[in-house]
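The chain below stands alone and is given as structure tokens, in the form predicted alone.
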């Protein structure tokens, strides 16, 4: 059966809320927990040292802990944050930027290749494997057919494949902060207003359709991708890990529902998805990402 992973939290939550959230996660069936700030370096309720300390607590509960790096680097000072994670000496690292790949390669440390390294073909997969990558996360817009062809063509079976299976999809990063712009504030004087929006700010079309989600310098999908019902098909393809992205509510319950279904409790995932009007799965089936495909 594939392992269940909890991805890094994409949102800016108060320290107490973050600690309470992960205390609950420690009690779940999640096999892997990714920790760290991957969106904005100004979000410092928890610093790298705090994430490492939290990782120790989760590791003591039997979780595989991975530290995630920033995805968009804009200043030399941010390289220092990445280096502290890469040099932590305890946990493996998810490299979301090539700078992190280079640091980890210099130290000959194995790493997870994040989805935003943009690996789309066997040649790229093989190249990063030679740099020390032991697991890669499929780009979010890659569908099952493309993934299946890539896995069939790639001969080095010692690289694990992880799929972003549930959560709001991170689509793009920008030097601008859209949350600050929304509040009519300059980026350098944003007041960390994103802490007021525990799941970002929804953006609708003029027709009222949910379109995007603003999360600081990150733009997310408005709809929540939900590939959990496809877990058996993914397992048959050779997918090793299914990632669930943290949300303020219901994350632990999603993890347990998926674990229950993997144990043979049919309908557990479907029951959690019933009535969810914001779900989508189009990319997986080769359609527009916002679409909902039923097979």
Partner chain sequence: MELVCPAGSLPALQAAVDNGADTVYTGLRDGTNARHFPGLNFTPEKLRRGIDYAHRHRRRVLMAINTYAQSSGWAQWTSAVDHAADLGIDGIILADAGLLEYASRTHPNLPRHLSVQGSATSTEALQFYQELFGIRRAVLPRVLSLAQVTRLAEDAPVELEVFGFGSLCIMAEGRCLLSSYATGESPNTAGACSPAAHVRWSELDDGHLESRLNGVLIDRFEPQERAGYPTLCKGRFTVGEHTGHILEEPTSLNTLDLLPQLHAAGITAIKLEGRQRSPGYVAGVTRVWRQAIDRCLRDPGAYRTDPDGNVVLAGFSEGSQTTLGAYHRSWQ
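Positions refer to the first chain, counted from 1. Just so it is clear, the structure is predicted and the values come from calculations on it, not from any experiment.
The same protein also has a form predicted in complex with the partner chain, omitted here; what follows describes it.
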Exercise. Report the residue, out of 92, 129, 83, 193, that has at least one non-hydrogen atom within 4.5 angstroms of the partner chain in the predicted bound form.
Key: 83
Quiz item: in the predicted bound form, do 120, 173 and 290 all reach within 4.5 Å of the partner chain through at least one heavy atom apiece?
Solution: yes
Quiz item: 232-240, 66-74, 43-51, 250-258: which one contacts the partner chain in the predicted bound form at 4.5 Å, heavy atom to heavy atom?
Solution: 66-74
Exercise. Examine residue 198 and determine whether its closest non-hydrogen atom to the partner chain in the predicted bound form is within 4.5 angstroms.
Key: no
Quiz prompt | 4.5 Å heavy atom contact, residue 141 and the partner chain in the predicted bound form | solution = yes
Quiz item: Does residue 134 reach the partner chain in the predicted bound form if we count a contact as any heavy atom within 4.5 Å?
Solution: no
Practice problem: May I ask you to state whether residue 184 is within 4.5 Å of the partner chain in the predicted bound form, using heavy atom distances? | Solution: no
Exercise. Scan 78-102 and note down the residues that get a heavy atom within 4.5 Å of the partner chain in the predicted bound form; none is a fine answer too.
Key: 79, 83, 96, 97, 98, 99, 101, 102
